[in-house]
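Heads up, the chain below is alone and in the form predicted alone; it's given as structure tokens.
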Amino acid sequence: MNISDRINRIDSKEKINGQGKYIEDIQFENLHFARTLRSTIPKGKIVGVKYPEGYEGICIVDARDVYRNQVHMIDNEMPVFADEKVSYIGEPIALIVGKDKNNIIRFMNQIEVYYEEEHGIFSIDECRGKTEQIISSHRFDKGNIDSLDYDDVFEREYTTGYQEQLYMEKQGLVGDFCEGIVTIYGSMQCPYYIKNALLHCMDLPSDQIRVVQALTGGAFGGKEEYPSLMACQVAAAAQKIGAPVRLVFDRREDMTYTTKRHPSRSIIKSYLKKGRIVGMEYFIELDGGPYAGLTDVVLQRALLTMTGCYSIENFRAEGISYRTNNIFTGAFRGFGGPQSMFALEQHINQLAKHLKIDPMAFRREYFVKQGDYSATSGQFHEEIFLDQMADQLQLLSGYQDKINRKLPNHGIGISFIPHGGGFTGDGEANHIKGVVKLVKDKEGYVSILVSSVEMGQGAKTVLSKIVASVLAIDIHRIIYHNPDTFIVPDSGPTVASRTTMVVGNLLYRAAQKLKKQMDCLDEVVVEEHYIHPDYMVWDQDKLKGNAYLSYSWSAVAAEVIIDPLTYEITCTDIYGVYDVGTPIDKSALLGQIHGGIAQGLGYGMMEVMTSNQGLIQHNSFSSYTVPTMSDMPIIHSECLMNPYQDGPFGAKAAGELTLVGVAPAIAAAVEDALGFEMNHLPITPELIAEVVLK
């Protein structure tokens, strides 16, 4: 069997027949329930909290019950519970815990919190010029942007709003404390992130802290850092009452108070000489909310691939993330790429039209090739086939014919996107240091021991398939349980499109070693550690060098029809050509493509989420519009085979790539249909009316 051949997902049976147990399905003896007492103001001091009297069976858990009132992420500035001050609406002040849910609600309805409210900051515009509002900033150059010889300048501004991950299963964890051990069960992406957060906030050694992933119903980045906050809270509650405590958000609570995609503002300035780009400057600002969280990493990833698929000799990138009193923002599929690549692709599209050149032909003049240098002055060491991908896309979409026979209110737009796989720079080597294990038992079954989680994306199937293929055994002889930190090593978080490419390659190498010992009658354990490739040279302080292990590429075209009266957009077709190395499973890749297109469609033209004085205004399925089946375009997709030497069977990153190019292609198609520039996402009928009727 070829590694790319389709197989049934190994977790499909338990999900189809309902045997799979999510955190709300798991039974715990003496289970207590928790709800969060939250701030109702965006910024201020807590003067006092008055709790009602006369309630039995209610326990209050707050900052006094936490050994160290800090949530460990990249830094430790976020409190587990707000103590003396609050910095956003919905910030947790306490957990109210009990065995009777109705009693908890009655109790909470009578709590009075007294504040001394302060002036909040709610926009990027308000932050400018105030150093105290800066979370992080970066700047780097390539070439010499300050001594350009140019005769024209083209400059535009681009903005994007919030986006909600909207995973099917809400945030939910259970904390238990038994025989001196704190155990966290629940819906998560990063078991060891949670364990490290608990090590920081609790007065317990590592062997008394355990994290177990339950079946996880979607995440998209939304369960990367946020469960660390919840875990610290339920761990403190379980330790205080000596019983399991379950904290599961309702949908409105989840949508209102958990992390979103960062709103952004980008400015791109291109310097031209005789109609050619001789230099480019890019500036981006992000709204990070009140705490740093993962904002600086999102900012860096927005900057690091900013020249995209294009060779720009002279380039300057600058970015600033700001502290506001809006909801704190965080990880989301694409991690900065959707914001920056929308800006770049729209800029390239608009610049081509400014120069009266077809956008496809204009892009071809600047496509990067093997040996060229990236935005961070790292050399592309792999073969790059952007011209071939452009040829495939033109043939697949009929691009040229549709450009030549322009129909009223119809448009076609394109985008070309790179996506770096794995952690940036030296992150995999110096910070993650991934480890995997394979264990063969006496019956010849092989257990995969990794911290990579299955959250709907197909990790269990793909990683099991890699090991089974190397060992030449039936996939049903592979055992892959949900991660338990008492059993599995830290192979890194399930983020950054690294699971197949990085963890899969570690398992590939481990399986090659194990294959030589499969005839052994005893148990055999094989361990494999991450080794950084020699070609990866990186200076984190200067953001210089090879920012990523490898790049995956996509070429996307979108067709739209605009209603001339209502300005409603119908996206009729999406065409995509993808270079993800060697697909480990075509069916799994197709799922990523279709899911990425759906999410990109929402980001591009539907998913409006706004904040009013720090309060999210769209917090339900009725107010936050996402694509349904009736909104989905016809999807046409092809792959270009380009094996990656350090990937398992040649595989590269795929999970985030399929999302990023969709919104800019739709934006370009709307521009093509209407003849007006579209510089904000999402593009709604209201936005079109504002632009067209201005």
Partner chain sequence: MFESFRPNSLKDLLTLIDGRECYKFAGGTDLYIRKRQWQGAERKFDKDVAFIGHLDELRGIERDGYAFHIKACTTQNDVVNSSILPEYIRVPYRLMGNPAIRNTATVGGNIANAAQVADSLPILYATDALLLLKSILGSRIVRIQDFIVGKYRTNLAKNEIIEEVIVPDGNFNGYAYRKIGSRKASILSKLSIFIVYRKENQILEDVRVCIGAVNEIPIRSPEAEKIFLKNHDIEAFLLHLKKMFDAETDKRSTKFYREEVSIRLVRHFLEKILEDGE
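Positions refer to the first chain, counted from 1. If you're wondering where the values come from, they're calculated on a predicted model, not measured in any experiment.
The protein also exists as the form predicted together with its partner chain; that form is not presented, and the subsequent description refers to it.
Just one of 472, 521, 168, 565 comes within 4.5 Å of its partner chain in the model of the complex, counting any heavy atom, and that one is 565. In summary, among the residues 625, 637, 70, 40, the only one with a non-hydrogen atom within 4.5 Å of its partner chain in the model of the complex is 625. Taken together, the three residues 131, 290 and 672 lack any non-hydrogen atom within 4.5 angstroms of its partner chain in the model of the complex. You can rule out all but one of 97-105, 487-495, 189-197, 122-130: in the model of the complex, only 97-105 has residues with a heavy atom within 4.5 Å of its partner chain.
Interface residue remark: residue 181 is not counted as part of the site for its partner chain in the model of the complex, having no heavy atom within 4.5 Å.
Among heavy atoms of residue 621, some come within 4.5 Å of its partner chain in the model of the complex. Contact check for residue 690: a heavy atom falls within 4.5 Å of its partner chain in the model of the complex. At a distance threshold of 4.5 angstroms between non-hydrogen atoms, residue 387 is out of contact with its partner chain in the model of the complex. Along 236-269, these residues reach a heavy atom to within 4.5 Å of its partner chain in the model of the complex: 248, 250, 252.
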